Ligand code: SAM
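Shown below, as structure tokens, is a lone chain in the form predicted on its own; questions about how it binds or moves come after it.
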């Protein structure tokens, strides 16, 4: 049992009353672990047929999660390929609360990406997801997870909540504010959080959460939804935040609120609240005398919007064209895929080519870690495909090479494989799912997995 701060225990005993002994006893148990199947690549049923017995999959969580007692699941090739995401069980309930998502979606505090990638699954490739993380280093981890999961319709940016609110007023159909908190629900999973706990830190977090919530509210379109969540138990950061938010924002209503304690739910604990912004009445001059009637939001270019009311237009993402680069990419796709993936191709200043989701808004003024799917690099003469291209579109490839478990291990370590294959670019697969991209040259397959990714597989 982990050593818990005495003041924290006193607060929990006062709050829980007769349930306190059960709460305290939960800390004698090891933390629950779980994985969430990436339904953008396969169904939970397909994964069950695929997963080795040593994954030790147990009871199902929500639509695509499973409890597990397996070891070293983060080092398995399936994890590298983005077939699943390792996520704390109660944190998965936030994605379940979001439900089916379409249109324009914002995850305001998205790193490391558990909830953002879960929401992306719920979106099913429709609409546009903006995943924001103010810390650029954490945004890089978020971007890698978005890439690993093969998500097509996401941009990863780094900006303050104030900047996001200023740039996107009343814009998004769904906003998630998974705010930084005192982390009381992470004590078993991350014991390093225990010495950092104090009542002063709780109050500091509550003040920061208030600002984040207000910024998040500004970005929700009329009729849109806002989810606020934390992984803590303090009322100052949970229930009181909800009460005070509703008092400050009478145009929002509380639709659902849940608090998960570790003695009641097989997880470490979470809090979540779902709000809805009321539709904006039409002005009499527009409504033709029918005051109070609502008008549907204009749908984004990439799919239908969920909200109601009039929301301001944000200019679309500016796409920089390069005819020679696009011709080279088209020729590459014709050879490997037989078709060119749909979307707008954007050439970044460093030569990288990205497939921009249709309906992506202008993101100027923000640090951009990821823009849709990175296709590859254009050096002025040749196109070199990116690893992300294989993870996102590899299942469509005409030239696939199935690897054995031993070949997979060697390939993930960065080795060149001795293998007879038609010369040219190819997608390497394990059990039918894309692992990475390689280039066959006279009996060998050269490795094109980025070196930084290889180190994580050792």
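Positions refer to the first chain, counted from 1. Everything quoted here is computed from the prediction, not taken from an experiment.
Keep in mind that the form predicted together with S-adenosylmethionine (SAM) is missing from the display, and what follows is about it.
Proximity to S-adenosylmethionine (SAM) in the predicted complex, defined as a heavy atom within 4.5 Å, holds among 98, 388, 157, 179 only for 179. Residue 112 is the only one of 77, 343, 361, 112 with a heavy atom lying within 4.5 Å of S-adenosylmethionine (SAM) in the predicted complex. Taking non-hydrogen atoms only, residue 82 never approaches S-adenosylmethionine (SAM) to within 4.5 angstroms in the predicted complex.
Interface membership of residue 208, defined by any non-hydrogen atom within 4.5 Å of S-adenosylmethionine (SAM) in the predicted complex, is confirmed. Though the partner is left out of this view, residue 161 does reach within 4.5 Å of S-adenosylmethionine (SAM) in the predicted complex, counting heavy atoms only. The closest heavy atom approach of residue 123 to S-adenosylmethionine (SAM) in the predicted complex falls outside 4.5 Å. Segments offered: 232-240, 375-383, 247-255, 131-139. Contacting S-adenosylmethionine (SAM) in the predicted complex at heavy atom distances within 4.5 Å is 131-139.
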